[in-house]
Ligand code: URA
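In structure tokens, one chain follows: the form predicted alone.
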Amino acid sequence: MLCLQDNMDQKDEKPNCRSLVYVHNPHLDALKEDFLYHFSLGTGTHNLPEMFGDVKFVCVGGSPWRMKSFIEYISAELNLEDPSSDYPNICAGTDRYAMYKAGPVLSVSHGMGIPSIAIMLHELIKLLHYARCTDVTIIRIGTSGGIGLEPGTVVVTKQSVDATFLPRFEQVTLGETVVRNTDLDPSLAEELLRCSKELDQFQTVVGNTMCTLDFYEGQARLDGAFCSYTEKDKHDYLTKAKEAGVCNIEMESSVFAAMCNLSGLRAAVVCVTLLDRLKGDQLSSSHDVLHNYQLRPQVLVGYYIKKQLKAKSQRS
């Protein structure tokens, strides 16, 4: 049985992305305090509005190292603090996720795959809600496998699709399948594309991203522990994906898009391609080249944030 997310009660209308971060859970009102277990933060133990109330941009990515690197980079770009200073992990009380903050920018790791990022997003959305943050933009930065693109190309996701190329995220709740929308903010995607053209440092495209449940068989790789298909099967499948508008493959975008839609967050996914999956499954580029590729999403997003803050400063 498919239960569409859009069938929520009309009285529970979501605010637009320029308002408070939305939560749809009446049970939260009955809690004396809410402990965000995987962040080791809570409404009864921390002053969340004081700590996070000024956040306007949230960047999330798989690894703690990458997200610390991003906060150091954006801090230097915005001249917020000494770039040589150390940034403490706000979530040091847990080993699940890492969180760093510099001015209005929050940087959070989410681990690998849909379950890991979904857990993080539940607590992040509640944190932003409790902190009474407004006008928040959230961007996932990461790596991916490209389809028919030169390695190093940055893909800004138009729409996240599943492994059958349909734009949906399925969540099983109480034994029923809930289907949620996976569109991402089109104007934000276009703004990021314009920023890339202004930077003129690397190729950037806007296209669909396929989100899978697995790195190996789920992405038609031939080099996993198990494989029941031929190289031709793999090539035919990836060719169909390309024909369906898929530019790259990763494992988090569908639930990210779905949950950001539900919470009214303006969202984007920006991933660099490390290889062309039509030409192989394993990385062949050198460590230095791959490191350079991985910096490209943070360079683009950092430029966008800097441009937005400059424009806001000129208006005020």
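Start at 1 and count along the sequence shown; that's the residue number. Bear in mind the structure is a predicted one, so any value in this text is a computation, not a measurement.
One more form of this protein exists, namely the form predicted in complex with the named molecule; it is left out here, but the text below deals with it.
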- Message: If the cut-off is 4.5 angstroms on heavy atoms, which of these, Arg221, Arg180, His122, His129, is the one near the named molecule in the predicted complex?
- Response: Arg221
- Message: To verify the annotation, which of these, Ile249, Val60, Cys260, Val269, has a non-hydrogen atom within 4.5 Å of the named molecule in the predicted complex?
- Response: Ile249
- Query: the named molecule in the predicted complex: within 4.5 Å of a heavy atom of each of Ile141, Phe202 and Pro297?
  - Reply: no
- Note on the structure: Which of 31 to 39, 51 to 59, 269 to 277, 285 to 293 lies within 4.5 Å of the named molecule in the predicted complex, heavy atoms considered? The stretch 269 to 277
- Taking heavy atoms only, is Phe215 within 4.5 angstroms of the named molecule in the predicted complex? yes
